[in-house]
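Here's a solo chain for you in structure tokens, the form predicted alone.
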Amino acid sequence: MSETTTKHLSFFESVNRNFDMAAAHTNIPKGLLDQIKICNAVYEMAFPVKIGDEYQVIEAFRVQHSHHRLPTKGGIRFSHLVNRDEVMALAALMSYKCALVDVPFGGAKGGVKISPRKYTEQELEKITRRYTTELIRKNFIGPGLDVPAPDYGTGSREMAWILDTYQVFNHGEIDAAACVTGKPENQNGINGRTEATGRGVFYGIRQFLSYNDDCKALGMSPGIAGKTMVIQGLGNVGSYSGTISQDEGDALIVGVSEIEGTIYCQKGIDMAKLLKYRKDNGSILGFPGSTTLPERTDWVAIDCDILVPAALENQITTENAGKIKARIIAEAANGPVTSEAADILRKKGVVILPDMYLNAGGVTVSYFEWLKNLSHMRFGRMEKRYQQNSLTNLVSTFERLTGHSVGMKERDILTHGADEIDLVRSGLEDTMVNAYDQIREVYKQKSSIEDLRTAAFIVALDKISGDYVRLGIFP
């Protein structure tokens, strides 16, 4: 067999292969498709940072995939595996993801090629601030230009450092807080951002399982309750996907995989207890009631209803796709299933809920945070008391007309005015429900459409091409 036929596609090539499969089902002109497909700006940088008594040269990237909407939007990844191809692929997915869920951003992504575990907090702060300075110098960050967010290896702490650095260079800019999202709540962040991606995964799975006909085609009953689930990766996305699916959806978590290994329990794993156990012991192995599987990679072959890869890209490939026993793969991570592996799974009748839809909860709530920062007012401030007073009057009227009293607990529930977290969750749920219904409608329209991923790309491409037409760039 020739080298050409055995060569695996890179992450960016895999994304573009999925793009091409969807583009074939559209009437969008080739020139416009070419424009949508390319990365508009790729910034590669190398900068020195003093670590201990020595200087290290840090390699980093920021890619702006599409400028059809501004600002561009995308997280910053800290990983020793970061490379140009990966960041370009992630930026492209952000463009399609934002369009799919009607978030008015172009796609972007950043990456710093370091292993965070090898640095102290002070050293990570130095690296983050130096990276931010490079972005500022090249106009690759700003409330109306490019708005970063957390990703693998980063969190609210790093976003706070980015904001502070930006404010130092842009003293007095009234909208400076909107230059980055995913910040701590007490530093212009928003309630509900930390859980957002995992909660979006739950809403997406639940919406898919709400259609009786689609569930019947898989030999499943509708609803998430009682469905067996395996989680790969206990970072932010995986942990919240699991806990929310368990607590609010009554899903049964039977397997969990992390870097140290994979555990299994047919009766179910209590996610809250597992997360505490790992925090206390530094590992999921040995969790009471669970069995440790022989190989860490054995998570892929656990018999379950829903498999949730929530770590990094390229986790399910042509090498292990044949081992999959799950009927649904919920892509909580970015690009966990390669395009070639998806072909194998499609033939097996496995449904893939695509990443560009399923993990859009993060950017959706980041959009809410950006809006909050631009409005300079927390959500719920104006309407909460009005809602509460109106509902209280309604309950009091009911009591007066019926002669029956409502208990204090019930009264509190019935008269609750919406807090910021209530509004954020409501907006996220509405976004995920509407986006899936659009994908499903396109998928059902044409029998020639291969899968939900292709349908999701078609929805995104139609919206992006419409933006270009409205801009007058293409007729």
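The numbering used is simple: start at 1 and walk along the sequence shown. Small disclaimer: the values here were computed from a predicted structure and weren't measured.
The discussion below concerns the form predicted together with a small molecule, not included here.
Contact check for Val363: a non-hydrogen atom falls within 4.5 Å of the small molecule in the model of the complex. Using a 4.5 angstroms threshold between heavy atoms, Thr181 counts as touching the small molecule in the model of the complex. The shortest heavy atom separation between Gly233 and the small molecule in the model of the complex exceeds 4.5 Å.
The small molecule is not drawn, but in the model of the complex it has no heavy atom within 4.5 Å of Thr338.
From the list 116-124, 315-323, 145-153, 289-297, the contact stretch for the small molecule in the model of the complex under a 4.5 Å heavy atom rule is 145-153.
Of the residues given (Met159, Met94, Val112, Ala251), Met94 alone sits with a heavy atom within 4.5 Å of the small molecule in the model of the complex. Interface residue among Ser245, Ser257, Thr132, Asn334, judged by heavy atoms within 4.5 Å of the small molecule in the model of the complex: Asn334.
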